Ligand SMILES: Cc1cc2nc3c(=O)[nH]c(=O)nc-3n(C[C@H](O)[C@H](O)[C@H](O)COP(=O)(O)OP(=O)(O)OC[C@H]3O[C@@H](n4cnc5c(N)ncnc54)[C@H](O)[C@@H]3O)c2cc1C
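Just one chain follows, in the form predicted on its own, and it is written as structure tokens.
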Amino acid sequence: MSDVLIIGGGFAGVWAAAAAVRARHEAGADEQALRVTMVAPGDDLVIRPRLYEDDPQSKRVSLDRVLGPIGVRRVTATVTGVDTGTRTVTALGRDGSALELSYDRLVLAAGSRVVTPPVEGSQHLFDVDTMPAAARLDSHIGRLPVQPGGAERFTAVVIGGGFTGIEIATELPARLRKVAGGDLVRVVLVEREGAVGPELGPGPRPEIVAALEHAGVEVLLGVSLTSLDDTRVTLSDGTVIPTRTAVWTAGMRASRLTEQIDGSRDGIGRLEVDEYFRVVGVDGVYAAGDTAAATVEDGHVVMQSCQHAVPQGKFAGANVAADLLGLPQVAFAPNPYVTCLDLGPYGAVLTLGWDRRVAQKGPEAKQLKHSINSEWIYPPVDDAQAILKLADFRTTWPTEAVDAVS
């Protein structure tokens, strides 16, 4: 028996597991020939792209309902070490027990994490990077009416004007109004660059600016966070904003487990992989999702996003199974890049390509974003046939987004 071990229960990990099982079925092999195991600390696939919304704790899917029907073994544990020489992984079980798992092929799909800035008072920052963090923010917002103080109770400062910052900044005014009881609501978006959405380019910027204005969000550009406490935020130009809610959305890095793999890493810690998701220079190890610096169209490197994690997982899973079963591997070829950015009550904006040409905007794009968030990124549950059908590496959800405007 050959063992495929997948680290991580996010989008890349789930689809790597399903694709490996699908490849095994297509090869006519059984579990005695190739066993697939996932090790992850939680019981759910967290729908991370939706954690900026209210009620974040509902944005999850039971891993057992996806992996169980297709025969993937699941180990609930936190990985503490990877030894590529002995091909073993050490982990800490939920009950505190020490575990050691061996593998013939490893898929590292441990995701990424937000990097908290080294500023005074950083412990007062909120974020929406994980389910517990998003739930903490949601609970905090619900408790604001009983907090002491004045206007700062219903003032929120979002630090970072990138994709996540824009989505939560345009969402927060409505969330705050629900609890403010008629009191003034204020949301301020802080971006250290000279424009909002600097990495999104000029294409969608007019829609982003219009949406922020529509939501009443104040935008401060060319400044950064220098310190905060539980009642105020201080910016690099000396501006002090009274607030009880500061949300950090800037700076992501790959899982620290990438540091235990003796491969080349990019500036945010992602491992260099080849077109089959093999970690360059490390035998038997693959990486996918936010831990992999994979190359796509015209030499672009993938984004740390659900859109790229899903196909990466599918290709990595299919290729790791093919590797062990002696079958040809398939080079990574995802569908064309699209971006659909939620802009709160204003709508959304859909762009195509790496130059982000605007293809849809307003309510029409909002409906597409709703379909993406509430349907397309969710895996089927309790249905092995449907799960394995969708695990085909030739089937990735951006197809629908492109077809919708073509």
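A residue's number is simply how far along the shown sequence it sits, counting from 1. What you see is a predicted model, and the numbers here were worked out from it, not measured in a lab.
One more form of this protein should be noted, the form predicted in complex with the named molecule, which is absent from this view; the next part is about it.
Stretch-level contact analysis of 142-150, 328-336, 220-228, 126-134 against the named molecule in the model of the complex, using heavy atoms and a 4.5 Å limit, identifies 126-134. Not displayed here, the named molecule is kept clear of residue 276 by more than 4.5 Å at the level of heavy atoms in the model of the complex. Proximity of residue 369 to the named molecule in the model of the complex: non-hydrogen atoms within 4.5 Å are present.
Contact check for residue 343: no non-hydrogen atom falls within 4.5 Å of the named molecule in the model of the complex. The closest non-hydrogen atom of residue 122 lies beyond 4.5 Å of the named molecule in the model of the complex. With the partner omitted here, the residue from 161, 111, 204, 311 that has a non-hydrogen atom within 4.5 angstroms of the named molecule in the model of the complex is 111. 257 is the sole member of 235, 101, 324, 257 with a non-hydrogen atom lying within 4.5 angstroms of the named molecule in the model of the complex. Using a 4.5 Å cut-off to the named molecule in the model of the complex, each of 7, 13 and 167 places a heavy atom inside that distance. Residues of 304-342 placing a heavy atom within 4.5 Å of the named molecule in the model of the complex, in sequence order: 304, 305, 306, 307, 309, 340.
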